[in-house]
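Presented as structure tokens, the chain that follows is alone, the form predicted on its own.
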Amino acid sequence: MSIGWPMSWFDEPRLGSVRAAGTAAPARAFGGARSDVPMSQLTTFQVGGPARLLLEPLDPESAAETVRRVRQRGLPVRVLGNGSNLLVSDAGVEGAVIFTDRMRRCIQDEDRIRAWAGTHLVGLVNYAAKVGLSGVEGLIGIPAQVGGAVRMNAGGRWGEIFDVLESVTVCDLETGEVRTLTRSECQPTYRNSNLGNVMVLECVLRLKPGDRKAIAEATKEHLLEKNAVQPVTEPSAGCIFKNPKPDSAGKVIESCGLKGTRIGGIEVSPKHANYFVNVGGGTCDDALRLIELVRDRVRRERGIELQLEVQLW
């Protein structure tokens, strides 16, 4: 089933302030619209049925206006970034999916970088190194866009994105209201920004000036270390489970002899047990059944209740 929507929403992105709810919208287009788009083409796990309506805003302002237009039509709405950390139902997604991939821009202002939600982390990290700003090197290798990284407080052993976040601008997915929050107004926790039901539009990161060559070298070392232990060349959703501190989910799952366990086309990676990989033709149902198998085994053998890190649609 297709959902009717104007298909001529194309315009060039531009800089400018994010428009607050209730103010007049300019007479301009706000992006692109597609219908019945397979989510398997837009997720790193390569599973998922069709998005009935996929909307592609071009900048923070048009993204906020898109949210308001969708809500005016009474449609449920979800936000899609890089499609990592995500497991989408084989039945697909009803309502509207706002896809931020066109919203890519980084703007430097002395020791700050303003990044739009669709900016890929690898682009942000490399841009920071190019302009001699340090603080995000440890985010290299995380397959996310800035919006999703902020939304889940992405990070690892070298820190989290909220460590350097100065402010974030969000759009409420229920009301369309736009607001900017400082770091002190947020209450991020492990893999959770606690921002509520919002779409991240852009953020400002405050970094530290440093030697460009040294920053580039540190970035390279972090990436090589991650690539050595993660199945980066295979389709996956990233880490499936949160780490049950003080243990790591990967080591706990490995200790139960589950590396290489497969259901259908989804397998527990032989390289890193907290990654499930799509070895070909895998489905969401395969992944869900494998998740339950792993959780049950770990619960019985280790007495640990694994919590999902991957998001379910």
Ligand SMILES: Cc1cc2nc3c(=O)[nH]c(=O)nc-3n(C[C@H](O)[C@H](O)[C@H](O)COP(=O)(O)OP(=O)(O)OC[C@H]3O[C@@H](n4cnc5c(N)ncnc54)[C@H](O)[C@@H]3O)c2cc1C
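Everything numeric here is computed off the predicted structure, so don't read it as measured data. One rule holds for the numbers: they count along the sequence shown, beginning at 1.
Another form exists, predicted in complex with the named molecule; not displayed. Remarks below refer to it.
Using a 4.5 angstroms heavy atom cutoff to the named molecule in the predicted complex, none of Ser35, Pro50 and Val93 count as contacting. Out of the listed residues Val178, Val164, Leu86, Ala128, Leu86 is the one that sits within 4.5 Å of the named molecule in the predicted complex by at least one heavy atom. With the partner left out here, the named molecule still marks one of 68-76, 181-189, 235-243, 209-217 in the predicted complex; by a 4.5 Å heavy atom cut-off that stretch is 235-243. Using a 4.5 Å cutoff between non-hydrogen atoms, Gly135 does not count as a contact of the named molecule in the predicted complex. Among heavy atoms of Ala115, none comes within 4.5 Å of the named molecule in the predicted complex. In the predicted complex, at least one heavy atom of Ala149 sits within 4.5 Å of the named molecule. Using a 4.5 angstroms threshold between heavy atoms, Thr44 counts as touching the named molecule in the predicted complex.
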